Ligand SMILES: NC(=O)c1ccc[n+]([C@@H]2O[C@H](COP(=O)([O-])OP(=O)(O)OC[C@H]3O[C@@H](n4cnc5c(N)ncnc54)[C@H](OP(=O)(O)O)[C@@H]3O)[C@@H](O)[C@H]2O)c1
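Take a look at this one chain, the form predicted alone, written out in structure tokens.
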């Protein structure tokens, strides 16, 4: 057990969405358990500074950059900076993502659609196009992409979120095959997790309590994902709701989606109002 995840030891790792939630949790574990040097990417400097404070004596193992991951030029500038500084990463964890408000498909604006696809999918495409050649110059390179249980089964009100995450999952699966033996690729499909990804839902306090009750704690989810990364799992379905969705999607793809969507409708909570009202 002493060598568990030894391939991660002392690596330089890039983590997007590292200012909180799963990204911060994974970054902290990489630093404390494998002596990694982590470069976090996010947009909020205030949150990044809080995370640095939390690291305490480990803060010298962490640095951060502030930029929009959905703009390819930002990745090109970042890669050039890494090469020039000599801090060339060998692992990239694409964790940044957004969950648009639950709505019926025809109620989304083009801006909301573009934002979901750009941040949840195209940002990873850009990151991979730019960073993969850099990673391949290092020993034991890896790219881990955080998708969602919504990539396994599409529910009412999640059309573009599910589409973006399904695109990410299948994109990663193709890369896994194309670069097998050259780079470790993994896709993570977590279920509801107690992070601030629900911040845009604007639900009532009672609704948020219900969501919290069915969510996996952030700490537990980080532990599950991290163990999978240490063992180089090619795909990780994590969370009780994610496991259920995965099973139903495999065995009863149409009935499963209908069942879960019906449960959402019967729940009659405010965050689903734009999905089911006429």
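Keep in mind it's a predicted model, so treat the numbers as computed, not measured. Residue numbers count along the first chain shown, from 1.
Missing here is the form predicted together with the ligand; even so, the following discussion is about that form.
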Next on the checklist: Tell me which stretch of 157-165, 83-91, 130-138, 172-180 has a heavy atom within 4.5 angstroms of the ligand in the predicted complex.
Outcome noted: 157-165
Next on the checklist: Would all three of 5, 144 and 187 be in contact with the ligand in the predicted complex, where contact means some heavy atom lies within 4.5 Å?
Outcome noted: no
Next on the checklist: Is residue 196 part of the interface with the ligand in the predicted complex - any heavy atom within 4.5 Å?
Outcome noted: yes
Checklist entry - Are any of the heavy atoms in residue 119 no more than 4.5 Å from a heavy atom of the ligand in the predicted complex? => result yes
Next on the checklist: Please determine whether residue 243 contacts the ligand in the predicted complex, using a 4.5 Å cut-off between heavy atoms.
Outcome noted: no
Next on the checklist: Although the partner isn't part of this model, could you tell me whether residue 67 comes within 4.5 Å of the ligand in the predicted complex, counting any heavy atom of the residue?
Outcome noted: yes
Checklist entry - Among 34, 227, 61, 47, which has any heavy atom within 4.5 Å of the ligand in the predicted complex? => result 47
Checklist entry - Out of 36-57, which residues reach within 4.5 Å of the ligand in the predicted complex, heavy atoms considered? => result 41, 42, 43, 44, 47
